[in-house]
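Let's start with one chain on its own, the form predicted alone, as structure tokens.
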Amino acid sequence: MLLDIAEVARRSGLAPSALRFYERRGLIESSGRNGLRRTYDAGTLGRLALISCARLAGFSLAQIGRFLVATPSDTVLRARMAERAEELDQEISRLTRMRDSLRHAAICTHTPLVECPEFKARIEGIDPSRTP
């Protein structure tokens, strides 16, 4: 099934100019034209989701382009992917601590909230049930 650029833009949440830019960078490929409008295979939406996810994870468009054509023999890229996965694990851990701390602060009665021992323990990554 072919989708015109307006439909891909609507479904992906990206501007048509971003789609054209991604196409110029070789990240996506148009299937042709329907009149004056570019058309894309429906599978392009999945590729755009991958690109968006990778962008949010901190990858540059150049890195994403390289990832999209990588093979199992690309050991340098695979090593970088493993490094980035570790960095993301650390970021997820920090964000989880912050989320848990904010959830506690939302119901805490300690004044000031940031001086609450349980809040502090959560920020530091300590299980609050194990604090004295």
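Given the structure is predicted, the values throughout are model-derived calculations rather than measurements. We number the residues from 1 along the sequence you see.
Not pictured, yet referred to below: the form predicted together with another copy of the chain.
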* To do: Would you please decide whether Leu14 lies within 4.5 angstroms of another copy of the chain in the predicted bound form, comparing each non-hydrogen atom pair?
  => no
* Closest heavy atom of Arg37 to another copy of the chain in the predicted bound form, within 4.5 Å or not? -> no
* Asked: Would Ala57 sit within 4.5 Å of another copy of the chain in the predicted bound form, counting heavy atoms only?
  -> yes
* Does the 4.5 Å heavy atom contact test between Val76 and another copy of the chain in the predicted bound form come out positive? -> no
* Which residues from 50-68 come close to another copy of the chain in the predicted bound form, meaning a heavy atom within 4.5 Å? -> Leu50, Ser52, Cys53, Ala54, Leu56, Ala57, Phe59, Phe67, Leu68
